[in-house]
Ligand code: UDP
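So this first bit is one chain, no partners, the form predicted alone, shown in structure tokens.
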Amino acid sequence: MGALGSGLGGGVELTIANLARELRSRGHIIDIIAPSGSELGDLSIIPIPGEFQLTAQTQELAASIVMPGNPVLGNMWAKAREVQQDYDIIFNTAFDWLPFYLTPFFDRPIAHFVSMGSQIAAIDLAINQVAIDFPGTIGVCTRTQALTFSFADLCCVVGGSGVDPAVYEYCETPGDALAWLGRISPEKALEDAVAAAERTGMKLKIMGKIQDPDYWVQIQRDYPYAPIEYLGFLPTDELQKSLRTCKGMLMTPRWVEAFGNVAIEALACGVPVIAYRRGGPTEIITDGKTGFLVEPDSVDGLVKAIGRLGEIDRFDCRYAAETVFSQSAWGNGIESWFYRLIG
């Protein structure tokens, strides 16, 4: 759906970068097959040309599988099949029908990392068949995400990601601003966070890729007096500089988030997270300790939780990122999963 480093892949981009660096630090050789134009710092990328796929979250449940004439996804998997004998395992992060359909045609084991909940029935069926034919190869971020599928019991919960705490500076004495991070598209419901900022009078720093420009323009029309500041799509170093000084971060998804990388990035800075009690954040945030879980789609709930941010010990947030959600801890789980699949 886009080149790595562009922001179009959302949290999956951070997931790929952090996992590759963690596994490399353990002595593994990692090569990333990705669309041309991809860039992830010092990581090795095999660039593949072609046209992008439609994003799954913009399609209906009954949508047909559609591929462009020169699909980058197809070209990537042709390359993977060509070089598969050079590797012990293939790690798939594409939420699309094709990789699951192609699984039986590969000799090397494929670990499928499913980073979204149920979106398109045809993809669900393809994943289900792989889960049956290749037991243990379907990895999901959280149990909550797995339960959106009919084959939840066939999924391995391997976690959604992990952060390197050294990359994020802890801030004990924040300012009064709030933060919102993510792709700017309707399923993320940024308008709820903007409405909460308007009611509290607290500045809302917005960071992320504008995936739906019309949606972004509509929010500005609907809330012309809201105290918002759009900072753009920021690299991690700049993002954490802006994020760490915030009093809290809001997560307002309309859909079931599989995980929520932005939540653990906030925790790493010591920033409490206020999120709807829906999807992955319910397995990341400890209500009343590292943030607050509120009734889904309730701006009133957001406003009340904002008023309680002073109750949170920011060090508890940082500690969660250093232990449960660290890059090292997540690397342990993924590495163990890979070894099981290799046998």
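The shown structure was predicted, so the numbers you read here are calculated from the model rather than taken from an experiment. All residue numbers refer to positions in the sequence shown, first residue = 1.
This protein has a second form, the form predicted in complex with uridine-5'-diphosphate (UDP), left out of what is shown; the following refers to that one.
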property	result
Contact flag, L239 vs uridine-5'-diphosphate (UDP) in the predicted bound form, heavy atom cut 4.5 Å	yes
Any non-hydrogen atom of R183 within 4.5 angstroms of uridine-5'-diphosphate (UDP) in the predicted bound form	yes
T137, heavy atom within 4.5 angstroms of uridine-5'-diphosphate (UDP) in the predicted bound form	no
F233 within 4.5 Å of uridine-5'-diphosphate (UDP) in the predicted bound form, heavy atoms	yes
Partner-proximal stretch of 98 to 106, 129 to 137, 189 to 197, 204 to 212 relative to uridine-5'-diphosphate (UDP) in the predicted bound form, 4.5 angstroms, heavy atom	204 to 212
Single option in F151, W255, Y87, Y223 placed near uridine-5'-diphosphate (UDP) in the predicted bound form, where near means a heavy atom within 4.5 Å	W255
Answer option from C269, C246, V262, V114, heavy atom within 4.5 Å of uridine-5'-diphosphate (UDP) in the predicted bound form	V262
